[in-house]
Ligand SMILES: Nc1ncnc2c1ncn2[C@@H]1O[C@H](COP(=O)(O)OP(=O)(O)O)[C@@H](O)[C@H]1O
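Have a look below at one chain only, the form predicted alone, in structure tokens format.
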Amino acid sequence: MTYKRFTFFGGKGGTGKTTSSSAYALHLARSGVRTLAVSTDPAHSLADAFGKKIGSSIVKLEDNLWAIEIDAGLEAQKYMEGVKEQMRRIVSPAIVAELEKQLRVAYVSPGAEESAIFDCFVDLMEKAGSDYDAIVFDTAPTGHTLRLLTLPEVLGVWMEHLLEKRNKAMDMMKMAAHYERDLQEKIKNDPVLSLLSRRRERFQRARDLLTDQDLTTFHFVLNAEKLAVLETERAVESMKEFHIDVGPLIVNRVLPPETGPFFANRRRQQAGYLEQIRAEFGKYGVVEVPMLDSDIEGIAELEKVAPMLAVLDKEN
């Protein structure tokens, strides 16, 4: 079978991302692929889908299948503690109190949780190939996910700017230290420059992984409805802009003919949107999953959906 090392499922909230990602992860695991299912959605429902207790630590669900729900708040706290520890080793003790005040503000600022989640999922991605053969990501609604996946590009540029500024500062310090031996010793191995360089390399590795079409693909999950189609159009364009591979789209909850005359008008509406989806996104592939007669909760229910998504292996 052919599969990607990293598979992302995303789309508008409530379209069935978690069901799709969980069913696909189950399919891979049952095919002998060591698979880790990861939720980056703040409103976690991976545990509901599998019918198992899943938290912020990796748990084994069955042979070849593990899962984790990334806790954004916890990861942000750990991230800030790590930054504090690094800064304590670099900056003067006189400004530690002010630094911690600034970090407390940063902790509640927009983007703090995305940065922390990003660090966590990069850690997980770097384990793929050794601890796991494949990682399947159940992502947050589209806007949140786009911010998360474009962080390497955005922060990479920002990091280059910081490095440029630091190098200029170091050049000036070297000139000042020409006759001062103590200052010469201090700037031999600049810890700030070293830290910035490591962060830049991390962003570059993440960008390389996310844009490698042999390793990574993103599947949009949507319903055959107007707003979902419009949001998917915009999101696909964003993925193309950042060079992230888009795989077959999954149209979830398609009404089957046996729903009867009561749903006849709804089926006609869906048919129109399905035609639009096939026309606009057919080049990526379209997988249609019918509406089932019950909610998908637990592995037994996921087993009904998993075979429908096996086609993603052939499309990758």
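One-based numbering along the sequence shown. Quick caveat, the model's predicted, so the values are computed rather than measured.
There is another form of this protein, the form predicted together with the named molecule, and it is not shown here; the text below is about that form.
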| item | value |
| --- | --- |
| Site test, T7, H243 and G247 vs the named molecule in the predicted bound form, non-hydrogen atom cutoff 4.5 Å | no |
| Partner contact for I299 in the predicted bound form: the named molecule, 4.5 angstroms, heavy atom | no |
| Partner contact for V59 in the predicted bound form: the named molecule, 4.5 angstroms, heavy atom | no |
| Contact label in the predicted bound form: Q269 to the named molecule, heavy atom within 4.5 Å | no |
| 4.5 Å heavy atom contact, Q276 to the named molecule in the predicted bound form | no |
| Which of 51 to 59, 283 to 291, 30 to 38, 258 to 266 lines the interface with the named molecule in the predicted bound form (heavy atom within 4.5 Å) | 283 to 291 |
| Within 1 to 31, the residues that have a heavy atom no more than 4.5 Å from the named molecule in the predicted bound form | K12, G13, G14, T15, G16, K17, T18, T19 |
